[in-house]
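Consider the single chain below, provided in structure tokens and representing the form predicted on its own.
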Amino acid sequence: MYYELSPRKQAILKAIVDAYIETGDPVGSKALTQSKQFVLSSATIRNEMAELEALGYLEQPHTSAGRIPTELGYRFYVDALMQDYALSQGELAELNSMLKAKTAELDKLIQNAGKVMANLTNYTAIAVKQSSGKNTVTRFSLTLIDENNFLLVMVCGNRSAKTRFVRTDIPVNEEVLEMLSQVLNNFVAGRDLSTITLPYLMQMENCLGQYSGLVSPIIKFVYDAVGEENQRDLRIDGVDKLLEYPEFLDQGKLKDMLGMFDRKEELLELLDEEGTNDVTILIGKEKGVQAMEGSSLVFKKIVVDGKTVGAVGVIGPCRMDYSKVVSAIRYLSDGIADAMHPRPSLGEIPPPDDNHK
């Protein structure tokens, strides 16, 4: 719950949060006076700080120490006081280098995104490749190796490609594979695999005649490949960076955080329940996750054609450089979404029309 703050209180709160993010030391009235940000006496600043503490925006870790922000103070800061951060040329170059890599596969982009984000922000990075939510293959192609072996290529719903080497006791040739390819593309491509029933398989087998024995093993390969595609992958990079912040030197705190990384379910639940089309900032125990005490999670979902396909973010202490983190995450997640947006190339086969079934 916010309390209305005067412009002076807002300015003092912002100065304290900025200073604490930079140094990690409690901020006193003397430091604010010496910074020359305020034409106010130390006594006036102390009174304002005391009122901010009474309202719940600041706290005093020790009797003789200055103040530090509370979770409420950070929340007010990120919602109302934080200024935009302009990424430097070096930071943009690092992000663009990853985005311009010659790959259009989401899992490769996600794999690299976490590493780049950890290096760029100096916080622990998370990168999620979301389940597609629908078991589909959009296109099949088959390549003959010899009469008992061929290569099956499946283009999945997110434009990634899965390959399987298929060995068969039934001798095949180019003509057989062409017929099998037509059956797969007519009967299976674009269809939710959960709707492929036994009668449907029998129709496919009837189309293949003496080569009907190829259907069952092929469909098994398809199920296996799409099952892998629908496994939600959460990557965590830069775990060692936690140790660079005093907040995580406490063994109990570090153990709780590492435990959450191992379980992953809590993190995935936060990503599922929260998040808009822009960057989401979760501070401390706002969502009731004990392991998040003293920490913040900042992330943005990656949306392609209206569908969430992943997320990129960081976890670090509450005194995180939110402005820089938000700018970097927004730039990277939007860049991945742009890279994944379908761009038909010359000669590309369009996805099958659902009405052809």
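Just so it is clear, the model here is predicted, and its values are computed rather than measured. Numbers for residues come from their place in the sequence shown, where the first is 1.
Missing here is the form predicted together with the DNA; even so, the following discussion is about that form.
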Partner-facing stretch of 298-306, 42-50, 284-292, 316-324, counted where any non-hydrogen atom is within 4.5 angstroms of the DNA in the model of the complex: 42-50
Interface membership of His62, the DNA in the model of the complex, 4.5 Å heavy atom rule: yes
Contact of Pro69 with the DNA in the model of the complex (heavy atom, 4.5 Å): no
Contact test in the model of the complex: Ala328 vs the DNA, heavy atoms, 4.5 Å: no
Contact of Gly56 with the DNA in the model of the complex (heavy atom, 4.5 Å): no
Residues within 4.5 Å of the DNA in the model of the complex, restricted to 21-36 and counted by heavy atom: Pro26, Val27, Gly28, Ser29
